[in-house]
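Consider the single chain below, provided in structure tokens and representing the form predicted alone.
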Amino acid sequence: MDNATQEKLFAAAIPLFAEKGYAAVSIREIAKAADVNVSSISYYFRGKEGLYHAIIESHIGAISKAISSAEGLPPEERLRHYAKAISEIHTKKPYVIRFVQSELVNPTSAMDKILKKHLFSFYRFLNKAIQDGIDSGIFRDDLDVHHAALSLVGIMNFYFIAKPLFRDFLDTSVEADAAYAEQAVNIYLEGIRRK
């Protein structure tokens, strides 16, 4: 974003949408939190829905961009890259998981217009990496590719969903996030490798 007002709106709206959900946040509340005129939301984003869509695209698009650079890597390295990218994005954009959860429970127009497109691309990326690993003899040939992809998604995302609960008894620093991602993908790969 190249405009200070747009940046202020983004910064104010992200925690509001993430904590309250799309429907519970008013444009007046966003404008007040951003300390801007309420009409700026319509001017820059064509309304609350446009602002919400821009935020979702920014957060989920960051994951798409991060994993797209791994397309040519060997299968195991693609899966490692995915795990690392998920960890880094969740660490840099801690509200991303809340947006996804909110959309799963109370879908808005962003589900069909933005989220499904990105989530299906992640799923295809993982499916292809796993299938390529099976085809090349690296991964077990008895794997259900779809279940294996969903397993990795669950392993990587659950940590960030439950992280607020862990704060009292686990290290939840950036370094701990990276260590979790590395250990989780190592355990996962050990389970799918051909013995």
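One-based numbering along the sequence shown. All figures in this text were calculated on a predicted structure; none of them were measured in a lab.
Below, we refer to the form predicted together with the DNA, which is not included among the displayed structures.
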Can you tell me if Lys48 lies within 4.5 angstroms of the DNA in the predicted bound form, counting non-hydrogen atoms only? yes
With the cut-off set at 4.5 Å between non-hydrogen atoms, does Arg28 touch the DNA in the predicted bound form? yes
Does the 4.5 Å heavy atom contact test between Ser69 and the DNA in the predicted bound form come out positive? no
Using the partner position in the predicted bound form, report whether Val38 sits within 4.5 Å of the DNA, counting heavy atoms only. yes
None of Ser58, Ser42, Ser151, Ser64 but one has a heavy atom within 4.5 Å of the DNA in the predicted bound form; the exception is Ser42
Looking at 125-133, 139-147, 30-38, 161-169, which one sits within 4.5 Å of the DNA in the predicted bound form if you count heavy atoms only? 30-38
